[in-house]
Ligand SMILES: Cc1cc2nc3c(=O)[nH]c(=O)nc-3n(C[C@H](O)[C@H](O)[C@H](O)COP(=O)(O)OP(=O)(O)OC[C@H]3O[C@@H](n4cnc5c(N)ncnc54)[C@H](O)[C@@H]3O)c2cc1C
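Shown below, as structure tokens, is a lone chain in the form predicted alone; questions about how it binds or moves come after it.
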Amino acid sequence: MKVAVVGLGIAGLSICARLALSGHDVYGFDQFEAMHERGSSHGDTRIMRLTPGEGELYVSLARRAGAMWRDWEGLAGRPLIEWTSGLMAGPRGSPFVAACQSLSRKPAALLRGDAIHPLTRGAIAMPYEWDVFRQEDCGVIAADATRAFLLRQAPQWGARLFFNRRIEAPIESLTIRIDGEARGFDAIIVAAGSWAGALLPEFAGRLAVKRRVLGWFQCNTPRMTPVICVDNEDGVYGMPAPRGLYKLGLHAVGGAANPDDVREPDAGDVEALAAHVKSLLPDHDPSPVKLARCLYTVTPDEHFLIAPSKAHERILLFSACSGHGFKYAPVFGQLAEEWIDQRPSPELEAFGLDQRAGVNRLGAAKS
């Protein structure tokens, strides 16, 4: 089958690689250059959790992905994940922390917040009354290294990748205009992240684009520090980064954005991040070594949205969005293949439009 994949972030690259390996005639297109930093896939690191607190379906996806990450590492000839352990934390009774504990295959007693400072040798501190669940199956993905690997691997399997190509919006049929030239396909998968709503306007109301800012902070005594995911108002998350730095972001802070005109990090972003560094990372300098912006494409329920277009049943929106998708990257190609082959898939059913009421199966989303 001749398949166009529009958008070559981590989802689009995974889809191109898998479909090409399966024998499809795959063409991938992106409006920007390879390895660009305008979307949601760029950066040095992403969090890996084999027991995400979003719900049972995500746990199943993460564990499927875990085995496939090992395959990718073998092909890449280098590790793509560094396992660090993680601390899932929040105020006493936090539903997120409770979900992480109940979904774990190795449930353990909750820690109290005041145990974290000595446990991490002073690197992390948390309020004494908080609940904290320690997960060993957490780590850090080398995000840009993974993208670079797929940019090499997908063409080796037969995918044709094209960058700096303008895709005319909207996409309403299996013929699309690329740099003004009409080209026909048997199926089209739109994995364009924050630009997906413009390409497929019927989904625009379900995909909110958010600006987020990340900061990298220097530790006075660099050491391997766990991943943290915090169930508080700002949704703090953090992870070790190269050169002994610690990367911190705020899942719920940043406001709406136009993906073609995203405001650069400013003093307000520094202040918001520094406040959490001072309270959670006492051994770190609250002045960031560097800052970077990122785009979230967020659905109202913060779950993935993978759904066929009303314009044509062979056009698929593939939005592994809402700030928690990178860890599942190897599975995205499998899901796209299941859709191409029209095979029953509980994930495609759950992430579609008709089954959004199935959110109880999925659980509450949390970065």
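The first residue of the sequence shown is number 1, and the count goes up from there. Only a predicted model underlies this, so the values are computations on that prediction, with no experimental measurement involved.
One more form of this protein, predicted in complex with the ligand, exists but is not displayed; see below.
- Not one of 53, 87 and 226 places a heavy atom within 4.5 Å of the ligand in the model of the complex.
- This chain is drawn without the ligand; in the model of the complex, the residue among 61, 321, 336, 317 with a heavy atom within 4.5 Å of it is 321.
- Distance criterion of 4.5 Å from any heavy atom to the ligand in the model of the complex singles out 191 from the list 200, 230, 188, 191.
- Comment: 192-200 is the region of 150-158, 128-136, 277-285, 192-200 lying near the ligand in the model of the complex, near meaning a non-hydrogen atom within 4.5 Å.
- Proximity of residue 307 to the ligand in the model of the complex falls outside the 4.5 Å heavy atom cutoff.
- The closest non-hydrogen atom of residue 27 lies beyond 4.5 Å of the ligand in the model of the complex.
- In the model of the complex, the ligand stays beyond 4.5 Å of every heavy atom belonging to residue 106.
- None of the heavy atoms of residue 57 is located within 4.5 Å of the ligand in the model of the complex.
- Applying a 4.5 Å heavy atom cutoff to the ligand in the model of the complex picks out 6, 7, 8, 9, 10, 11, 12 from 5-24, in order along the sequence.
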